[in-house]
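A single chain comes next, written as structure tokens; it is the form predicted on its own.
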Amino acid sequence: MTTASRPTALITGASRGIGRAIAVALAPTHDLLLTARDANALAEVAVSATALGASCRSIVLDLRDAAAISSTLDGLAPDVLVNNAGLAVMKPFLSLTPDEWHSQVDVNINALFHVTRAVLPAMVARGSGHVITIGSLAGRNTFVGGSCYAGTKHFVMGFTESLMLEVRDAGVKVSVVMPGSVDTDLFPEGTDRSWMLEPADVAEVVAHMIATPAHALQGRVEVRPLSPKRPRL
């Protein structure tokens, strides 16, 4: 998938929020493979990214479907993988339904295996590549209602740092970005989001990670709002 001048980035959950912002941030330098479940929303992101110079391919994909991931991503060899897709249902443990539990585990944990497993062999064979996973500060914190969500983000930390140690000698980078509160529809209606990070703030961190020298690895970055008492300027 790589050309001499434009590497390729595969972004999951690219139809909205942080994923959309990452697509826009990388469009000036990368061609894009954009995945999500909403074809119309993906098409809108592709229009914005194309206007910034990217060649885009939209891939409608439900990351809860392991077989679909394997068949759809077979043969793709992106230079960069951004595991961005995530699902959050924040409820006390005894209020979570089995479907809510399994959906979060399927998207936040199992999809990391299936998507990364599909494209990592080509990176190792090529001797270069970068896998970036969007985690959360919930990956080292806990809170009421986070028994599943925070648990999945703790998994992200163990997954990414273990994988980094496995493939760095092959020339492949593995990184995790851990945002604090981000102004997305993750939060219920009526929540004051004026102080939170914007998706573009997280996207800028991802773009910076990718742009580091080939011999340098930024393995983990935490990014948080300056203060919940100070609205964004």
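Counting begins at 1, following the sequence as shown. Everything numeric here is computed off the predicted structure, so don't read it as measured data.
Another form, the form predicted together with a small molecule, is not on view; read the next lines as being about it.
Scanning Glu166, Glu44, Glu204, Asp185 against the small molecule in the predicted bound form with a 4.5 Å heavy atom cut-off leaves one residue, Asp185. The small molecule is not shown here, but in the predicted bound form it comes within 4.5 Å of a heavy atom of Leu63. Interface membership of Leu26, defined by any non-hydrogen atom within 4.5 Å of the small molecule in the predicted bound form, is ruled out.
In the predicted bound form, the small molecule stays beyond 4.5 Å of every heavy atom belonging to Pro225. Though the partner is left out of this view, Gly135 does reach within 4.5 Å of the small molecule in the predicted bound form, counting heavy atoms only. With the small molecule left out of view, the stretch that reaches within 4.5 Å of it through heavy atoms in the predicted bound form is, among 177-185, 47-55, 26-34, 204-212, 177-185.
Against the small molecule in the predicted bound form, the set Val80, Thr116 and Thr160 makes no contact: no member has a heavy atom within 4.5 Å.
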